[in-house]
Structure formats: structure tokens, C-alpha cells
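Encoded as C-alpha cells, the following chain is the form predicted on its own, with no partner shown.
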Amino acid sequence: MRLRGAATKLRPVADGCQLLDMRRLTGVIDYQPTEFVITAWAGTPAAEVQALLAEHGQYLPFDPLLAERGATLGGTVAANACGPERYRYGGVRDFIIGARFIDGNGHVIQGGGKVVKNAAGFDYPKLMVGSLGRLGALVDVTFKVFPRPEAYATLQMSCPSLDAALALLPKLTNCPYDLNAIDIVVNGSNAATLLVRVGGLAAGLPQRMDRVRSLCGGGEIVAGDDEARIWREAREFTWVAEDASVVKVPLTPARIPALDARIQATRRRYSVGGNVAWIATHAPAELDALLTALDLAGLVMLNALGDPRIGRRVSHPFAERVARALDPQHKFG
């Protein structure tokens, strides 16, 4: 059985698989703005939740991917689909505090709760993050939310090479300026653009941005619609050709040069302070072989073609035991 929400990631369904459409499980179950907690059905579009939160000056800080394409909360949790602003506050697992799901035995399992400091029972909600629908069908999820920044600004700095952009990362990641996002966009085979996003009170933002620009030794400060467009492009993958797949590769900044030297013919972007590579590819088999050779793991986040599994297969005895306990007959594949 294959679980599917809005199909924003276009995962192919193998022959013989039954498709379980989760989109009828939609809507907000409970939202108390003063408590900074929201509970919604797993099939609820992330964009609807973000819009509701925005009415109360709040948001999901892990920056859900593909929200404009219709990505659901369940799919966001299952794929661990975090955007660039994950850099400051953390990812999905840092904000999910409750989840209800149906396991492979048909049992309804509740984990966590609707209060931030709930510590009772096994931490099932975090277990579901990145599970790709293999442990069970999410029914509803509960997140803690944060106040939304009043305004944003971005430093956009052209660098002569990727190495030059990477050389600035230690200064930025160790600075005291509460940066919301750090991305590096590679232009062509060598030149790169460093993007540093800062959010907060509008009155203090210019001074903070001047400090960031001084730290980097230059750059242009972008605000307003142009600034929002930069990060929408990152979250919605509009920088990728429609017939290309997008592969997410977790890594560290130190491993970027070795990878980048082998993929200079492809479009790529390094996000979350250099800890995530997004690679657009028309040849998933070739990229699969490359990642395996470099001992890197990868996951197709936007699948326009090919097998959704790519890169080094990662397994752990604990994960296998959990899968056997929750889905002993492998109903979820």
C-alpha cells in the first residue's frame, strides 16, 4: 500500500501497489493562538495552515517545502521536507509534538500531545519524521508554532567562486546576529551567490543587515517582494527545470568541494548553512553512482523521473526493529 497526499513529490507507484489517498483528512482540529500550538488532519495543505497562522502573526519556522504546490502536513512530516529557514530554529522534528497514526496492524496509535512540555510515552511523533510512509498512515499532527518575524531582509553577495562563498560560512555560522537562513547558489560551473536572510522587527533590521554586510565584506541588501521571491524560489524549486528531479543530500560544508567538483554540469544549491545540497538531475542513475562513491546518502524530494531511492542505503538495527513492530507484514512497503 502506498500513501499519498497531494502528490507534490510525484513518487511513482509500483505495479501491484494500492494507492491510499489521504487528502480527505483535511482541516484544522484545534488551534489556540495564545498557546502557540496547532493540531490538524494530516491531509491538510501546509499553505492553508500557514495562512491561518499568519492571521495571528505566527508561522511554522521549519519552512515547509512545496506548500504552493499543495504539499500536505502529513507529506511534509513523512518526507522531512524543511526549507531554508530550518537553519535558525530547526526542522520538522523540532516542532512536531504530537501525532496519531494507523500502523500496519490496523491499530490507532497516539504519541505526544497538545502541550509543548508533554513527555509521556514513546516519542512516536519524531519517529514519523522522514519515515516516508513506511511505518504507518498519519491521521493528525500537532505542532508548536512561533511568532512570525515582522520583516525580512536578505544580503545577496556575488562571489567569484564557490570556495570564496564557503570561506565566509564560518564567520556567518559563528556570528551573534540570529540569521534565519544561509544559502549558496552556484551559477554556472564556478561563480556563486551567497544569500543570508535575517528576520525580526522592522525598526532594527537595517542596522542588523549593515552588520551582516560588514561581516561579509560587501553585498547588496534586498527587501520587499524581491526578497520574498528569492526564498520562494528555494522552497518551491522554481529554479529547477520541469523535467528534472531534485535530490536532497545531507552533508557538511567540508564535503561540498568534493561533491561540487563532480556535478558542475548540473544545477545545484547548498542550503541550511552548507548542511544540505539540493541537486537537479536528469540522470538519477549516474547521480546515484556518484553519491555512493562519495559515501553520501540522497533522497529524491521532487521526482520527475526515475526511482525515488537514490544514494547510499542507510539502515540501522533499531530502525528495522521498529519497522517490524509497527508493520510486521510490510503493508506499507
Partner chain sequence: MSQAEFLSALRAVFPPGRLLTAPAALAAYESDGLTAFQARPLAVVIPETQAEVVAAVRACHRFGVPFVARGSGTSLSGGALPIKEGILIALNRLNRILKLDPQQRIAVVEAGVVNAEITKAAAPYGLLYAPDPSSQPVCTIGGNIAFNSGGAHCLKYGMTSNHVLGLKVVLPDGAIAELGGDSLESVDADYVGLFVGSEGLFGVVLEATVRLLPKPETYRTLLAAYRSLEAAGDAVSSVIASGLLPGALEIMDHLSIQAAEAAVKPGYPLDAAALLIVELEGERAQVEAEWARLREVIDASQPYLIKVARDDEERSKIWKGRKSAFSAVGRLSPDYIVQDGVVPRRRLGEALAEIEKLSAKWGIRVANVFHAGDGNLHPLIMFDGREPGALQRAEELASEIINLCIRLGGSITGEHGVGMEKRQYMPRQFSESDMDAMWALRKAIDPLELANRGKVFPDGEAPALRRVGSHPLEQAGVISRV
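Positions refer to the first chain, counted from 1. Small disclaimer: the values here were computed from a predicted structure and weren't measured.
What follows is about the form predicted together with the partner chain, which we do not show.
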item	value
Heavy atom within 4.5 Å of the partner chain in the predicted complex - residue from 164, 175, 223, 102	175
Of 252, 214, 187, 238, the one that lies within 4.5 Å of the partner chain in the predicted complex (heavy atoms)	252
The partner chain in the predicted complex: contacted by all of 88, 94 and 127, heavy atom 4.5 Å	yes
In the predicted complex, residue 158 touching the partner chain (heavy atom, 4.5 Å)	no
4.5 Å heavy atom contact, residue 19 and the partner chain in the predicted complex	no
Contact flag, residue 110 vs the partner chain in the predicted complex, heavy atom cut 4.5 Å	yes
Distance check, residue 135 to the partner chain in the predicted complex, heavy atom within 4.5 Å	yes
Location of the partner chain contact in the predicted complex, chosen stretch of 66-74, 27-35, 261-269, 47-55 [non-hydrogen atom, 4.5 Å]	27-35
The partner chain in the predicted complex - contacting residues of 257-292, heavy atom within 4.5 Å	272, 275, 276
